[in-house]
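So this first bit is one chain, no partners, the form predicted alone, shown in structure tokens.
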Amino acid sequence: MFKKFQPSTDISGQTPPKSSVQRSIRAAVLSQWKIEPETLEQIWPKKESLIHVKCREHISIYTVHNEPLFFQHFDGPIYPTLRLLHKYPYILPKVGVDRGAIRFLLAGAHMMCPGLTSAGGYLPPPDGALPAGAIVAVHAEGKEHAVAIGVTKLGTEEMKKVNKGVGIEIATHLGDDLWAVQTL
């Protein structure tokens, strides 16, 4: 999603959304992520104004004090940035890929089911299974922090059964152009 993203050419405008829109964004974040209201208050205090940065290809980035916190494509789910996920690693459910998938992941490829179900991969146990369309933090085997954020294309139990095809569609990854942008 953020291949060849250049803030100087790809940003079309920055506006503060109305307070009703900010409330709806706050409610969407609380419903989509595994997050408590107190944690969201630490990330984005109610007194701080959110800035909506409009970008090419219908991508919206939301910033506080010029620091990107969330992004959204069209009216889809709201994703945290990787920098925010590194500060608060518990806000998204975790999946893992094996060592063989790391180079493809860092090149921006979607994660295939075999990379998630192999010996080095990790999917949650059946009692914590994730449905299709869940936003997840993708961790690499042997690494402490998440290396990507994506959305599941299949439920985790279905990934284990099918074991082929795309399991997670990657939205942002370590080293992409959104990672390079620290302030907007």
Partner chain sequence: MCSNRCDYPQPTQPVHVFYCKVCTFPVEYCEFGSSLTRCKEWLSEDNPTMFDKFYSDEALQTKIGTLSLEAQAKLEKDTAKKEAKAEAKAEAAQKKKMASQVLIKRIERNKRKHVTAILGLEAFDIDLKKAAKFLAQKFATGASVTRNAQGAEEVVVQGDVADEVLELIESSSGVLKGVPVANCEVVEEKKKKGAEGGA
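None of these values were measured; they are calculated from a predicted model. Numbering follows the first chain given and starts at 1.
Omitted from view is the form predicted in complex with the partner chain, to which the following refers.
Using a 4.5 angstroms limit between non-hydrogen atoms, Gln6 is distant from the partner chain in the model of the complex. With a 4.5 Å cutoff on heavy atoms, Glu157 does not count as touching the partner chain in the model of the complex; it lies far away.
Put simply, Leu106 is close to the partner chain in the model of the complex: some heavy atom of it is within 4.5 Å. Taking the partner from the other structure, the partner chain in the model of the complex has a heavy atom within 4.5 Å of a heavy atom of Gly175. Here the marked residues Ala28, Tyr79 and Asp127 all miss the partner chain in the model of the complex; none has a heavy atom within 4.5 angstroms. The contact residue chosen from His86, His73, Lys94, His110 relative to the partner chain in the model of the complex is His86, the criterion being a non-hydrogen atom within 4.5 angstroms. This chain appears without its partner; in the model of the complex, the one residue of Ser49, Thr39, Ser118, Ser60 with a heavy atom within 4.5 Å of the partner chain is Thr39. Heavy atoms within 4.5 Å of the partner chain in the model of the complex map, among the stretches 63-71, 149-157, 50-58, 127-135, onto 63-71 alone.
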